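So this first bit is one chain, no partners, the form predicted on its own, shown in structure tokens.
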């Protein structure tokens, strides 16, 4: 029997308390007297967008009045060829960004009464999207001082309510990767009612000998979902296109909640073309790896605390507050990203840029560190 005196709420409690995502600032929001601003705050491609993707966009501008493909079938076919037929094309899932894939996963498997495991510091949408579905988010933090995955405590946190475990390798914002041995040990203990998400949007930049993607685990039939994006390596952040891949059983299930006409026509053509732009990918990776090496040397010279990265950014911990550090960088025309809201208090994330941008960052760093070295 309904309690007539108790008001019925239109709103979901868990949405009213959900914390919104706070993205990085745009260049237009920055106030500085510098004539040139170097945006090293959003992990964007330092050399631009894939030329093949840009050409594909130009070739389809006259058809904006026509609806795009109803499904992601052509993208899935292109991914099937890109991955050299390692899995069936039906096992791929296209979406308007890697974040959209994460949202699909949360809507498919999370819900009221369920639990989702994350490991902070990590990408905020994991717990945000899960909370939007009413799930309880369980944080098993990465281990200090080098942000290693706490495999034992993740296993201990799994129960009958657990539905998703979010992993990232290389991880945002730490830049660290999860060694294959740790993933193997974790997957050996995962029950059938739990899905492991391996977000690998920065995989092109990883060169650790024990780095591993989701693909071998998907091929072996584990409940693993790989998440990827065209925003980073291919330089298509503005186009919002991404994809995931998993077992056929999980992919078929997720496809049931994919909306028709989900990917816009220009993004679809750009993504398909970008997959074939091997030369651009190689140049991007070369630029980032050389930039990382240069920045390591300069930060060592200045005594900056940082963590070596497998991604296209570096996490640093300045000796002053992140707010003060960001302010000084902005005065010098360099945008960086405080990542306290990612679970890394006191830290700053800086993207690897062009050599010119990297040198501008180092020059700004000297404003903070050189006075201490000369006293």
Ligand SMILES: Cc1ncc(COP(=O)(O)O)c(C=O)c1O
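Numbering follows the first chain given and starts at 1. Quantities reported herein were computed from a predicted structural model and do not represent experimental measurements.
Keep in mind that the form predicted in complex with the named molecule is missing from the display, and what follows is about it.
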Considering the named molecule in the predicted complex, find the one stretch among 107 to 115, 146 to 154, 269 to 277, 166 to 174 with heavy atoms no farther than 4.5 Å from it. 166 to 174
Report the residue, out of 217, 92, 202, 234, that has at least one non-hydrogen atom within 4.5 angstroms of the named molecule in the predicted complex. 202
Heavy atom within 4.5 Å of the named molecule in the predicted complex - the one residue of 99, 162, 119, 223 that qualifies: 99
Non-hydrogen atom contact residue 240 with the named molecule in the predicted complex at 4.5 angstroms: yes
Against the named molecule in the predicted complex, would residue 229 count as a contact residue? Criterion: heavy atoms within 4.5 Å. yes
Taking the named molecule in the predicted complex, which residues of 40 to 78 have any heavy atom within 4.5 Å of it? none
